[in-house]
Ligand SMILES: Nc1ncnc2c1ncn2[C@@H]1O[C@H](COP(=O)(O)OP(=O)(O)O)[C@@H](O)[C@H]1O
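Before any questions on binding or motion, here is one chain by itself as structure tokens, the form predicted alone.
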Amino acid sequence: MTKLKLNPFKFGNPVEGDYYLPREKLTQLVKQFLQNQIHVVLIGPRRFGKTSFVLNVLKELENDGYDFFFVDIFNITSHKDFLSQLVRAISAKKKWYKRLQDKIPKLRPKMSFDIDQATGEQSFGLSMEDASDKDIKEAIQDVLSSLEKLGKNVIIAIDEFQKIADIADSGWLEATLRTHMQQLKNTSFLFTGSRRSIIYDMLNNSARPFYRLCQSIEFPSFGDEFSTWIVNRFKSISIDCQIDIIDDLRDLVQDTPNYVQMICFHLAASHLKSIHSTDVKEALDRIVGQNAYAYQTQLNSLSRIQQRTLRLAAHEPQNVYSKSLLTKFEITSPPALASAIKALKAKGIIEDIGAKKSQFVFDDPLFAIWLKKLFD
């Protein structure tokens, strides 16, 4: 029986090992900041490889004697959610869970650690059904205060940290985090975020608690080395692919590494001997088509002016305020377009590019491709 070759590409989840392309210079820069207790915010689109990068940095720091934990707060909606994710991340480190109980007596009656009789694995439980918001806030402060007692040098990584700004608490959680970040002597924070406009306001608005608290870094696109790496991955399973084909694919998906690997995964699974532009187009069309129902549902949830604005941004992402484009896409006025753009940014569907307030990218580049195909 012929042994199947492993697919050289992965997508959907953070990648590591042979599936991870290192960013050496950025890694060394971020490590240097954190080792000198300078807090860092990595800003970049979703699916751009930030989480894979952060986990790689944390593992390198762990080899240097640092303790770390990783907190994903993308889906939080309340202080209770934030506390739950924070404690869950800490308890994932087996050597810390007992210390956490010892340092936070208020949580002790509500925390549980069970052992699976079959596997011997420990599981964590946190019951907060009867806790008041005041109790939750006090518990958050207790957990944050305990961080420096968890190790000599501690790194706390919080993914999609702009979500704390969505909690309607008049900035309490932002202010609380700032206070503890300033007080903790042996702890550095590494944040990631994808909502550029929100993060910039958090970091640069003098009325916000995070004003000038962190070193911000724009998470960069890969250079030419990414295309070369992709071609070599194909070559590892005896598939020929030219670099210009991968360059074109990267342009189509806004240079999003997750989507590049997704398309290449499907191409590798097709057992082709060589990759051509038509193969890439067919794979991309097939994947976009699989998401058509979700995209149509999202489009139907928007107002008419918001739908037209998305069509405009998908076809002509630059200079969207030009008179000819407003006429072409039936948008009545620049103020009407500005209002629609503001609403779409608030929904996380599009983002402007840095200081260019008339140029936009889609949070999901496949959504833009679907729109262009639908309204070509």
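The structure presented is a predicted model; accordingly, all values stated were derived computationally and were not measured. Residue positions are given as counts along the sequence shown, with the first one as 1.
Here the subject shifts to the form predicted in complex with this ligand, a form of this protein not shown in this document.
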Q. Would Gln254 count as touching this ligand in the model of the complex under a 4.5 Å heavy atom rule?
A. no
Q: Please check if Asn258 has a heavy atom lying within 4.5 Å of any heavy atom of this ligand in the model of the complex.
A: yes
Q. With the partner left out of view, is Phe68 within 4.5 angstroms of this ligand in the model of the complex by any non-hydrogen atom?
A. no
Q. Applying a 4.5 Å heavy atom distance criterion, does His39 contact this ligand in the model of the complex?
A. no
Q. Using a 4.5 Å cut on heavy atoms, which of Trp172, Trp229, Tyr211, Tyr200 is close to this ligand in the model of the complex?
A. Trp229
Q | Option touching this ligand, based on a heavy atom within 4.5 Å in the model of the complex, out of His315, Lys328, Arg46, Lys347 | A | Arg46
(Q) Tell me which stretch of 49 to 57, 332 to 340, 319 to 327, 304 to 312 has a heavy atom within 4.5 angstroms of this ligand in the model of the complex. (A) 49 to 57
Q | Residues in 195 to 223 with any heavy atom within 4.5 Å of this ligand in the model of the complex | A | Phe222
